[in-house]
Every structure is written in C-alpha cells, then in structure tokens.
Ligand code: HEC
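Just one chain follows, in the form predicted alone, and it is written as structure tokens.
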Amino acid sequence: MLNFRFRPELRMPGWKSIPFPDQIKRLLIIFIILVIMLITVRNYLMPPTFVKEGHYRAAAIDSILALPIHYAGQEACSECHDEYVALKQTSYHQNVACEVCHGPGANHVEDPSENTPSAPRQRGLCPLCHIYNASKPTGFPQINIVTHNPLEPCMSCHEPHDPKPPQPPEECGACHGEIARTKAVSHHAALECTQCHSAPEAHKKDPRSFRPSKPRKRTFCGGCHGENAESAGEIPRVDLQSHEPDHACWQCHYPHYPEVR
C-alpha cells in the first residue's frame, strides 16, 4: 500500500529548499480563517456607528434620549422642598435619593397639582433596607420586623428624612439582635456586654464612627477562666501557660457562644 505524504517546501532564489512543517500550514489556515471572520464582522455585522465616538454604538445615545423621562433628580426636589432636603442632608439618609422612597417624580415636576408622588407610610417599605441580613455591613441599622414594634408604622417613631430614633437604644440587642439571641442560649448569657466591651456613649448615636472595644489578649479571658482567677462559681478553668499558648482564645471559642468546638 502506497503512503503518499505531501511536504510543501519554501523555495527562494539562491537559497536551499527549506521544509515547510505541517503545523505551520495548519496555523496559517487558522490565521486566514480568523482574518476572514474579522473582516466579515467589521463590514457586515458591526453597527455602522460603533466606532464613531468611541468603543460603543454612537446611535445608542439618540435611542436613550428618545426614551420617556421618569425621574427628575434630587435637584428638582430641592427647588420646592428645600426644608426636607436640608434636613436629609445631615441625616443617615443623606445619600438616599428622594425618588428611592417617593418614586419617579418627573410628572410631578411638570404638573405638581395633578401628579402627586407616593409617600409610603406603611410598615413594608423601610424593611426592604433595614430588615436583618447577616451579609450587611457591621453598624448598618437592622431590625427583626417580627419583634421590633410589631404592627406599628416605622414613621410613628422615625422621621423618614432624619430617621434617628427618638431616644438611643439602651440595650445592645436593639442593634445586635443576632448576637444577643446567640448569647442568650450560651454559658455567657448572664454576662453584660460591657463586661467584655467598652462602648463610648457616642456609639449609640453614631455606631460607625465610634466602635466599641474588643479584647485583644488571651489574658482577658484568663481573668475568669485562668486557674488562679478570682472569679467565683464553677466555670471552666485552664492553665494559660500550657493551654494552647500560641493561639488566642477566640480562635477556638466563639465569645458569644463559647462552647468548645
């Protein structure tokens, strides 16, 4: 059985014949196909205004401008409601646009008497942002909607444009509900939060700017759990010198639920 193998050669005047490997030929075919595809896309599939103003379709600007306008922007609200805008600028809601709660306001700006924006007064809107969610940043006000003043509208205690509570919460669980519920079923249930944390009074009004302190050294836990600690009661005790000396206590024991892992 005859075995024919074509081996094309590159011949140049004055040069010896140079073998043309098969893999080079395959790469050349792929390169030619890619060039043809690029030319086809550029001439037949790409929108004609794609590179007119930049790396986008310039005609999209006209398409967007032709859409009906729904939102007016907060600047339009300040022209008539300057007292509310001024109040909101110094509150926790300063970065929340008016139309987030009141809905699109373009029609209201054009004809205020005929088009009144919505003013939600029921309990359902505020929890969209403030219901408890473990993924939210620490210090963001969160509530358990079932236990936090049930059936009462949020506006009965909070002015929406300046939503500080009428009085700062006295208990840590008002903001740290998940931690409070966890500690309540642990061996640390009877301990006050202030026994381990020192929170400045300003923390109640501005929790993000004034953070409570946290224990940094294992000797803090040893004040109660060390072998020679003066704490009373039958509580677990360890020798701090020999009990995992290279680790902090909270690497193995969650302070709010300190059972051994």
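In this text, residue numbers run from 1 along the sequence as written. Computed from a prediction, not measured in an experiment: that's the story for all the values here. Rigid core (definition): largest C-alpha set, two forms, superposition within 1.5 Å.
The form predicted in complex with the ligand exists for this protein as well; it is not shown, and the discussion that follows is about that form.
For the options 213, 63, 49, 40, the residue carrying a heavy atom within 4.5 angstroms of the ligand in the predicted bound form is 213. Interface residue among 69, 32, 235, 59 relative to the ligand in the predicted bound form, by the heavy atom within 4.5 Å criterion: 235.
Contact between residue 247 and the ligand in the predicted bound form is found at the 4.5 Å heavy atom cutoff. Contact annotation: residue 167 falls within 4.5 Å of the ligand in the predicted bound form, judged by heavy atom distances. Among heavy atoms of residue 132, none comes within 4.5 Å of the ligand in the predicted bound form. Mapping the unseen interface onto this chain, residue 192 counts among the residues with a heavy atom inside 4.5 Å of the ligand in the predicted bound form.
Contacts between stretch 186-208 and the ligand, counted in the predicted bound form as any heavy atom lying within 4.5 Å, involve 187, 188, 191, 192, 193, 194, 195, 196, 197, 199, 203, 204, 207, 208, listed in sequence order. After superposing the rigid core, the Cα of residue 121 is displaced by less than 2 Å between this form and the one not shown. After superposition on the rigid core, the Cα of residue 131 moves by less than 2 Å between this form and the one not shown. For residue 67, a C-alpha deviation below 2 angstroms is recorded between this form and the one not shown after rigid-core alignment.
Note: residue 207-residue 102 Cα separation is 3 Å or more longer in the predicted bound form than here.
In the predicted bound form, the separation between the C-alpha atoms of residue 129 and residue 208 grows by 3 Å or more relative to the displayed form.
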